[in-house]
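Only one chain comes next, encoded as structure tokens, the form predicted on its own.
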Amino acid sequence: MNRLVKFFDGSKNKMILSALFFLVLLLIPIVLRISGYENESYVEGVLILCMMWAAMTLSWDLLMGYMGIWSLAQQVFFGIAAYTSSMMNYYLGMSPWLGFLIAPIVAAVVGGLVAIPVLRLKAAPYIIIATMCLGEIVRLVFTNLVDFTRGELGFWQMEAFDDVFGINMNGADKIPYYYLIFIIFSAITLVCSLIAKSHNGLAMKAIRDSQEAAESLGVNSTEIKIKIFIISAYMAGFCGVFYAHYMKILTPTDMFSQSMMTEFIAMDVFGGIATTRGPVFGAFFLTIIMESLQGLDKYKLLIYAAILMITTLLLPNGVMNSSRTLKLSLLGRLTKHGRTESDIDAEAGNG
């Protein structure tokens, strides 16, 4: 058992497992087609949602997990990018692909503008209230600017991405969208991982633990906070553009409501904050669970609330951060009964 836990705890082995995970994701559509599985389109659709929400949860974890900034406005940047791309296409006839160039920048600019006043509020409760209010204000603005946003009628049957390199993107076949979100998800995962391991990542953790101590060591907390806020919003913008032209329907209530933010929180807390694997695991696990319980959609928020409470009580660090804690707890209980760690490893070897 000890050797098994050491394997999963090793940084090199984590990289191997991550590579295998992405390789499996890459091959799933091919395997489904070769095997002749009848519901391959449904499976691919669920995995598309898993990767999209995992990318969104990762973008938010940069703020909350690594910086300790409890921003509840991540869906705002997601929605603004989605609306920007949709309005460019609807009113100006611009290709949806241009949305990936322009809409994330718009989301990042909004993120920077929001960060400047919000981050002056150092206490978490004030940041939570301010960002919640921001989300509601944006929702009301998009609801009432009917001439531009079409209000609650929203945009529907949005234009799909233009065909590229002969690949049909009309949505009848989900494989092109599967690999598009796979690229976005992989890129966001890589960027988050690189940031976490960089000197900025160390500074972010220092600010989270004690901003005063970090600043005494020469860390420019304001600059780093705004920088990460902008990067996080930019990532959310990419997910928003994909959502707009994949789902092809937008309304202010769906895009800017706190219910969407609650999903990101549940996924991150359940999987484990301040990690790369935690948000990914949480997003995949909870998305699949909720897809399996489609008849309980009206109880979605209640289910997420229950998950948050149970996770907070039993696994306060999240599932992926608690594996070693659980192992040590198990070893402690077994040792009380006269069995040592070496005994357990010897039994495992004999088995």
Partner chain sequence: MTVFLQSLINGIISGSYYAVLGIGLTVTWGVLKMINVAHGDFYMLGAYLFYTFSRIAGLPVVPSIIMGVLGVFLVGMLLQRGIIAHALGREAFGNSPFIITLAIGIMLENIAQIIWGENNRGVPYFNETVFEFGGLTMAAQRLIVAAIAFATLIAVMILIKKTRFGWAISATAQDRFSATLMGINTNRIYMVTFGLAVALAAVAGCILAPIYGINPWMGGSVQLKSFVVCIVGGLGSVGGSIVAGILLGIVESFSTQFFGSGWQNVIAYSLVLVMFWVRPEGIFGKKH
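Numbering follows the first chain given and starts at 1. Here the structure is a predicted model, which is why all the values come from computation and not from measurement.
This next part talks about the form predicted together with its partner chain, which is not shown.
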Worksheet item: its partner chain in the model of the complex: within 4.5 Å of a heavy atom of each of I128, C133 and L145?
Response: yes
Response to the item:
Note: exactly one of I183, L101, I249, L140 sits with a heavy atom within 4.5 Å of its partner chain in the model of the complex, namely L140
Worksheet item: Using a 4.5 Å cut on heavy atoms, which of A203, I265, I175, V109 is close to its partner chain in the model of the complex?
Response: I265
Worksheet item: What stretch, of 235-243, 192-200, 149-157, 67-75, brings heavy atoms to within 4.5 Å of its partner chain in the model of the complex?
Response: 67-75
Worksheet item: Would V269 count as touching its partner chain in the model of the complex under a 4.5 Å heavy atom rule?
Response: yes
Worksheet item: Does the 4.5 Å heavy atom contact test between M255 and its partner chain in the model of the complex come out positive?
Response: no
Worksheet entry | in the model of the complex, Y299 touching its partner chain (heavy atom, 4.5 Å) | yes
Practice prompt. Verify the contact flag for R208: yes if a non-hydrogen atom of it lies within 4.5 Å of a non-hydrogen atom of its partner chain in the model of the complex, no if not.
Written response: yes
Item to complete: Quick one: name the residues from 86-124 with any non-hydrogen atom within 4.5 angstroms of its partner chain in the model of the complex.
Response: I116, P117, R120, L121, A124
